[in-house]
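Coming up is one lone chain in structure tokens, specifically the form predicted alone.
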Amino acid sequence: MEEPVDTATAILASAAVLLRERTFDDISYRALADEVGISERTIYRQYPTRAHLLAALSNWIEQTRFPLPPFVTVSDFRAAVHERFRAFDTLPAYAYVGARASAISPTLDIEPAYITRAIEAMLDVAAPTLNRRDQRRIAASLRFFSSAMFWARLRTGFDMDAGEICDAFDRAVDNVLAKLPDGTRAES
């Protein structure tokens, strides 16, 4: 017996199916409603604007198609992001939705993303005396370099594949971590 699916999840799952055939811009609320088997008005109740739909779809795709493996150390973080970039290469249309959603203003009142909390926890281990301001600054940089946006820019702007993007990511992480203030890094 199948698990019941709530309306919001059904809408997002159907949008993901439609993404295999067309771009996000070409998915109308009417086509989405027809795919789900609900009224267009129900779509608008769940997602009043396309920005709301894009943000929710991006979050859903990230959780279902590109879950980030857990990490504690910088080495684990690198491996997790490499795995994610390889996954982006296999499902680029989904990765581009994530990249596009990160470029819009936030529409959802949500807690900081899992990756932000995980990067901050990793920094607590890697640089235990780092002050909160610097931790947030470094976490934001590392989050960007591990994002679909970073992957998409290198993929489309420089025609790089996942391996080359992973190399660029590693260099960016090295440069960010090299800027840690003296005395904040844990002894290795």
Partner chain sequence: MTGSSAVPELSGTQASILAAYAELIEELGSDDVSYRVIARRAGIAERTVFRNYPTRVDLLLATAAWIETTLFAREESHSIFDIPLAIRDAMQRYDLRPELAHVVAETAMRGVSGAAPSPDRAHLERLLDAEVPSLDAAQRRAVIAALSHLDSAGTWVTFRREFGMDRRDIADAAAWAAEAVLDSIRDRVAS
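Note that the coordinates shown come from a computational prediction; the quantities given were computed from them, not determined experimentally. Numbering follows the first chain given and starts at 1.
What comes next is about the form predicted in complex with its partner chain, which is not displayed.
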| Within 4.5 Å of its partner chain in the model of the complex, do we find a heavy atom from each of S147, M160 and E164? | yes
| request: Look up in the model of the complex whether R84 has a non-hydrogen atom within 4.5 angstroms of its partner chain, and give yes or no. | output: no
| task | Decide whether V74 counts as a contact residue for its partner chain in the model of the complex under a heavy atom distance cut-off of 4.5 Å. | result | no
| said: I'd like to know whether R133 contacts its partner chain in the model of the complex, with contact meaning heavy atoms within 4.5 angstroms. | reply: yes
| query | Taking 4.5 angstroms as the cut-off for heavy atoms, does T156 touch its partner chain in the model of the complex? | reply | yes
| query | Tell me, which of I43, I27, M122, A152 has a heavy atom within 4.5 angstroms of its partner chain in the model of the complex? | reply | A152
| query | Since the partner is left out here, which residues of 130-144 would have a heavy atom within 4.5 Å of its partner chain in the model of the complex? | reply | R133, D134, R136, R137, I138, A139, A140, S141, R143, F144
